Structure formats: C-alpha cells, structure tokens
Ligand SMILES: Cc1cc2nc3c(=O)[nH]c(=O)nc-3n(C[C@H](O)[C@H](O)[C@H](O)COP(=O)(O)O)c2cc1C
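The data below hold one chain only, encoded as structure tokens and taken in the form predicted on its own.
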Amino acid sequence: MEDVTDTVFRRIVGLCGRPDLFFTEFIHTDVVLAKRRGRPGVTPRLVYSPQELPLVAQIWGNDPSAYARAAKRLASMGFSGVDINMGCPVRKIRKKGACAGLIRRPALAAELIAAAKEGGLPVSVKTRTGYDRHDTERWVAHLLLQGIDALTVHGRYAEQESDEPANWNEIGRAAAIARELGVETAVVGNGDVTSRAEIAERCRAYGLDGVMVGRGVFVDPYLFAAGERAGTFPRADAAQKLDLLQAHLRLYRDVWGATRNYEILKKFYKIYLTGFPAAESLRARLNATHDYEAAEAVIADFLRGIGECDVAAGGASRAETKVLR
C-alpha cells in the first residue's frame, strides 16, 4: 500500500504476528532500474530486513523490456518473488494502460508476465474482477493460462475503486475457474478482511489457497497473531496502543532518520489512536507535530496524565503495560 507497507511497518506487523508472506509497496519498473551517479540506486520501497522474508516485490508499468530487467535486478537483491500490479484503480494510472488498465490490454498483460519470468523468480499477479463490470470469466482465465505461480483477486472491478463491498462470490468464481482449467496457480482472495477468523472462513467458503490482507491491519496490527493475542488490539487500552506507536516511531527514526519525511508517519496515527478516551484530541496534537522529538513529548505528556489518574484512583499505572513482548 502506497507509503504504508514500507520496511518499518512490515517489521511492526511481524512483531505483532507475522503473515506467511509480505509484499512491498508497488514500485514502477523505472524506479527499480533507476541509477544514481551512474550506479543502480535503491529506492526506499526496496529496503528490507532479513526478518521480513519471504518478501515479494510488487511492480507496475507497461514496458516488457523494463519488466525483464527489473525482475532480474530484484532477483539479485534477494527478493522471494515478483508480483505484477494489475489492479490499482487510480484513474490517472489506468488511463495510461497500466495496473487496472491492463484488464483492457490482455495481450500486453501476457507479455509483461512472460518478461517478468525472465528474472527467474516466482511470478504472481494481483488484479480485479474487471474494468467497468465483473468480467471474471474472461479476464481470470486469461491470466491463469499464462502459467503464473499465484493470482490474487480483489473482489471489485476497477471503476468501483473502494466504494462498494468486495464481491467474494466473484473471487470464489476465480478459484473455480482455476480448478476447471486444471492449473497449479494458487488463487488468493482480497477485500474487506479485518480478522484472522475471516481468513480461514473465506478460504473454506470460496475454495481459496489463501487471503491477502491490506487495510485490515489498520484495524488490528495483530490481525495475523494466533492464540491469546489474536483480536485483542481493538479493545486494548491507551497505554498498550501508545506502546506500539512508540515502537513504530523509534523504528522509523532508526531506519530512516532524516532520509524520509517525518510527515509520512501521520498516516499511521489513526491505527493506534482510536478506541480510548481522548484518542481524537491526542491524534490532533500529534498531527500538529513536525518531528520525532515533538511527537515523543506529546505521547509522554499523555501517558503521564493517564498514569497520574490511575495512581489517584489507587491502581497501578496502566502505562506499565507493554504490548510488545
């Protein structure tokens, strides 16, 4: 997800309860191949740590030769696979014939897949059920016949963007088509999943090999956790949520320092600052900060306040509770 699933957030999710597989933010092939001072450069979107493996690099664009070269570079960098984004519904991108625009360019889509295979890594595709209507039969069958290793189907067509509920019957149809064709491609569903229990339920109900979760981790970073921690984060108290936010802040600063804009962090505040008294006012205070030190001071001030309230009530400070163990 754009400016969200960077190496820092993937590590935070991994600490909470890691999924079977991580994906990068989507990266244009030109950026993968970009050079700085005459040598290959590394965009922040390709930075990762060993604990994030297996990690798949998601790419986009519409130039087969760039796909082949980008796939080879990604293989040399140690990525576990290449995923082609054929589902992003942003209008200006699909109007250029890329991402969801490829749904209307099946021949080019096949060329891009063939080119990506030249890198020697497993190749998967993430797409939608159609462009301006559900077109699952034609489009999914076309992709499955290209010999890809996995196909992730988001249950909306491109022009729906994120405005309507995902149609899981269409996702189930994609899995059925794979069985009818007799291909070995793993079929993965995606759309509106917000709990671990739903993952197993959707796999059983729709005959899927797996479920990809995107925005669901905004609701619960512990979404993939098993056992007693599963599903606990939405009900956690302020101190627990702020403990995880502080871990995110520290890791972001340690990894990026001054090389990335602090303001990007504000996208994550809504994950942690909800479901407890004064969450909205605390979020407003943090959104008014412009550096790590100011953010940490605001959080420390808030924690002192709730600690004093608990002590005054005769209890132990809730700020002593730790989420990460």
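Residues carry their position along the shown sequence, with the first being 1. Model, not experiment: these values are computed from the prediction.
Not on display, but discussed next: the form predicted together with this ligand.
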Query raised in the report: Can you pick the stretch from 211 to 219, 130 to 138, 175 to 183, 196 to 204 whose heavy atoms fall within 4.5 Å of this ligand in the model of the complex?
Result: 211 to 219
Query raised in the report: Counting only non-hydrogen atoms and a 4.5 angstroms cut-off, does residue 85 reach this ligand in the model of the complex?
Result: yes
Query raised in the report: Taking heavy atoms only, is residue 170 within 4.5 angstroms of this ligand in the model of the complex?
Result: no
Query raised in the report: Any chance residue 58 has a heavy atom within 4.5 Å of this ligand in the model of the complex?
Result: yes
Query raised in the report: Taking heavy atoms only, is residue 243 within 4.5 angstroms of this ligand in the model of the complex?
Result: no
Requested in this report: Between 1 to 15 and this ligand in the model of the complex, list the residues on our side with a heavy atom within 4.5 Å.
Outcome: 1, 2, 4
